[in-house]
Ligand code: NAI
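Here we start with a single chain on its own, the form predicted on its own, put down as structure tokens.
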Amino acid sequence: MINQMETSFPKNKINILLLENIHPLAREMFQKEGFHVESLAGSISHAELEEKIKDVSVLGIRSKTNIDAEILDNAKRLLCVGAFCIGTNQIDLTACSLKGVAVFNAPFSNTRSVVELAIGEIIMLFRGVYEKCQKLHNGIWDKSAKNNFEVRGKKLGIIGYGKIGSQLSILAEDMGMQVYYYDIVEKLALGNAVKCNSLKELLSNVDVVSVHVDGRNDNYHLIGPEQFTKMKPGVLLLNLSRGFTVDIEALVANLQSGHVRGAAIDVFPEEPLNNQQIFQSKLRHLPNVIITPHIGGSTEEAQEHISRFVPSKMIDFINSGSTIMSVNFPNLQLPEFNQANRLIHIHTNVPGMLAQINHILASNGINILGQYLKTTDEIGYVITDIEKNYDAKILDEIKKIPNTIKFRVLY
């Protein structure tokens, strides 16, 4: 017979790897649970991660680390991945699902930080603050109102009306801006924002364009030569979303011609892997161009929120099997149930899986104390609480059910 101690995996044997300088609070939370934690300041190469992932049960990353099928093929012990950021486009979610790996992110935690940076940059670009600052550092006193404007009354065009875009809409309107937005998904206008029916309609009407789209492939060079021709002369452009959404060559050409009066760019097609590498871009040294090192969400508040939120979801998943806020698993909220053993079964979403599990349990005289099932298009997720005393052979029988992806005894 099997008892709880023999089936529970010791927490100090669960290896957690945190990459890309994740806030120390995350490490503290995992260590408090008794897990073994390794934390690295930067990202690592694909080949290094392929090797390192072999003994990792929990992986924490930010935006620079790509998790693809090759990485997952080596991740035999991996239970879950935490994206300590908003986006998950760097993660192959389908491949994770089919390997039984749950993915969690922080969809709300740094929204305010990104929006505040966008607001500040809009003001600085309209006022020419960056240019005047550089001149003053060189001893040039340029006290002039020429080409410096208030944001009040100006038209802001927001591309992507999600969590960040919609909050930017509210704050910009509070400052007196007229807000226009475009999104491929139907979104309810907030306040007095005006919905545009096409990207062309938005670009031709606004004084400043702010891009806040996700990392799907369709957004590659969303703003390119054709889109710049549709913008008003003297337009301002902000990109705090994904580096590949703006064609940098086209942006540089339009900045140099004066068609684009100024820009603020926080994300780039190619970014250094760590703080020691040199940043290279044709945007360097251009006037009225604010370039920042992907810091839209890099505030102490945002990083602390993220480093509380993501580990809490991952710890809950490890301890109870709960998948609330997972981006690829069926969402189940599960209480801990200490009067039973909990079995977790992840399988390809095909008919009859629950019946097969229950047939094995019934054939072995095992009483089910509680059971939960939820599915996505790819997978099914079954939690079964059973009596504490049972024969070990049932575990092997359940593992051998066709279409089983992953099976474990939680406690």
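Predicted model only: the values in this text are computed from it and were never measured. Each residue number is its position in the shown sequence, starting from 1.
Note that the form predicted in complex with the named molecule isn't included here; everything after this is about it.
Participant: Honest question, do Gly157, Asp207 and His259 all end up within 4.5 Å of the named molecule in the predicted complex by heavy atom distance?
Facilitator: Looking in the predicted complex, the three residues Gly157, Asp207 and His259 all stay beyond 4.5 Å of the named molecule (heavy atoms).
Participant: Please check if Val267 has a heavy atom lying within 4.5 Å of any heavy atom of the named molecule in the predicted complex.
Facilitator: It does: once the named molecule is placed as it appears in the predicted complex, Val267 has a heavy atom within 4.5 Å of it.
Participant: Flag Lys230 as yes or no: does it have a non-hydrogen atom within 4.5 angstroms of any non-hydrogen atom of the named molecule in the predicted complex?
Facilitator: Contact with the named molecule, no.
Participant: Can you work out whether Thr111 and the named molecule are in contact in the predicted complex, taking contact to mean some heavy atom pair no more than 4.5 Å apart?
Facilitator: Flag for Thr111 set to yes.
Participant: In the predicted complex, does Asn219 come within 4.5 Å of the named molecule, counting heavy atoms only?
Facilitator: Looking in the predicted complex, residue contacts with the named molecule include Asn219, since a heavy atom lies within 4.5 Å.
Participant: Specify the contacting stretch among 248-256, 133-141, 176-184, 309-317, defined as having any heavy atom within 4.5 Å of the named molecule in the predicted complex.
Facilitator: Of the options, only 176-184 has residues within 4.5 Å of the partner.
Participant: Identify, from the list Gly100, Pro330, Gly162, Gly128, the residue with a heavy atom within 4.5 Å of the named molecule in the predicted complex.
Facilitator: Of the listed residues, the single hit is Gly162.
Participant: Which of these residues, Glu304, Glu116, Asp214, Asp73, gets a heavy atom within 4.5 Å of the named molecule in the predicted complex?
Facilitator: It is Asp214 that has a heavy atom within 4.5 Å of the partner.
Participant: Need the contact residues for 282-307: heavy atom within 4.5 Å of the named molecule in the predicted complex, sequence order, or none if there are none.
Facilitator: Residues within 4.5 Å: His294, Ile295, Gly296, Gly297.
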